[in-house]
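Given next, in structure tokens, is a single chain: the form predicted on its own.
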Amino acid sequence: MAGPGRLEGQALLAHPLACAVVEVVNERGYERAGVEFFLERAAISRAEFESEFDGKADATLRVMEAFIGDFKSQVKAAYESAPRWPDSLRAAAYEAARWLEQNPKTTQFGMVATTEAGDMARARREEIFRWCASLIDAGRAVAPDPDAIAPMASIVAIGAVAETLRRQQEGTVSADTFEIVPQMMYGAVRPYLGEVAARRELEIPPPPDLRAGER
């Protein structure tokens, strides 16, 4: 059920509650993250909270959706900055890596800490993965033999990406997100353009701003 207020998108992200929800859920886990902890961390009253949200689940989901919207808008702009696949996918991949590196707490919140937040949160995670998979599957339009590509190729590719990111969150993958982009691109490109094109991705340097030391 939608909350009674109107905070959403960038307005919600600018509100102290967004940071409070992320930090408290990360620290305590969703089940133990009561509204009282949100109020204390955000330094707002219960009346102010209740004027905007229906409760813990509503606040958590809406914060999650606001961050997903921000992620999608930035990655979509990067994808559209290059006219041809896989250049467009590579630009999107580096922008996604940039966002994840700049928002580590939010990444943990979305991928790990909200796994107990119910079906709606799970559906939002699945939706963003499907959206990312659609960017990969755009490779069918430029593939030499689209009919030869497995129907689930993009889902398999995005699943591998999600697993790598999950392991990174758990600390079992030590490389930063930028460093694993070429391997992700290799796995994404190979079903569509073949082995030679996929191997080429391993040799393409990162964007100039990353090479200049943004990391």
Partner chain sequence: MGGTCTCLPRRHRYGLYPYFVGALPDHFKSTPLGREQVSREVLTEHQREAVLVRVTAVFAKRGYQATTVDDLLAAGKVGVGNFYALFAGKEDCFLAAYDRIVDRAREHVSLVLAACEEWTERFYLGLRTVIEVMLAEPLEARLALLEAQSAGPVALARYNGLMDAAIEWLRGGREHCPPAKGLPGGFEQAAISGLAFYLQQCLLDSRRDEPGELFAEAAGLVLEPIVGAPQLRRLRELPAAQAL
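As the structure is a prediction and not an experimental result, all values here were calculated from the model. Residue numbers count along the first chain shown, from 1.
Same protein, other form: the form predicted together with the partner chain, not shown, and the subject of what follows.
Could you confirm whether residue 81 comes within 4.5 Å of the partner chain in the predicted complex, counting heavy atoms only? Outside the cut-off, so no.
Since only the chain is shown here, I'm wondering whether residue 26 would be in contact with the partner chain in the predicted complex (any heavy atom pair within 4.5 Å). It does not: once the partner chain is placed as it appears in the predicted complex, residue 26 has no heavy atom within 4.5 Å of it.
Is there any non-hydrogen atom of residue 190 lying within 4.5 Å of the partner chain in the predicted complex? It does: once the partner chain is placed as it appears in the predicted complex, residue 190 has a heavy atom within 4.5 Å of it.
Just to confirm, residue 37 within 4.5 Å of the partner chain in the predicted complex by heavy atoms? Judged by the heavy-atom cut-off of 4.5 Å, residue 37 is well away from the partner chain in the predicted complex.
The chain here is shown without the partner chain. Which stretch in 50-58, 161-169, 65-73, 37-45 comes within 4.5 angstroms of it in the predicted complex, by heavy atom distance? That would be stretch 161-169.
15, 99 and 102 each touching the partner chain in the predicted complex (heavy atom, 4.5 Å): Verified in the predicted complex; spot residues all out of contact, no.
So which bits of 114-132 sit within 4.5 Å of the partner chain in the predicted complex, heavy atoms only? Result: 115, 116, 122, 126, 129, 130.
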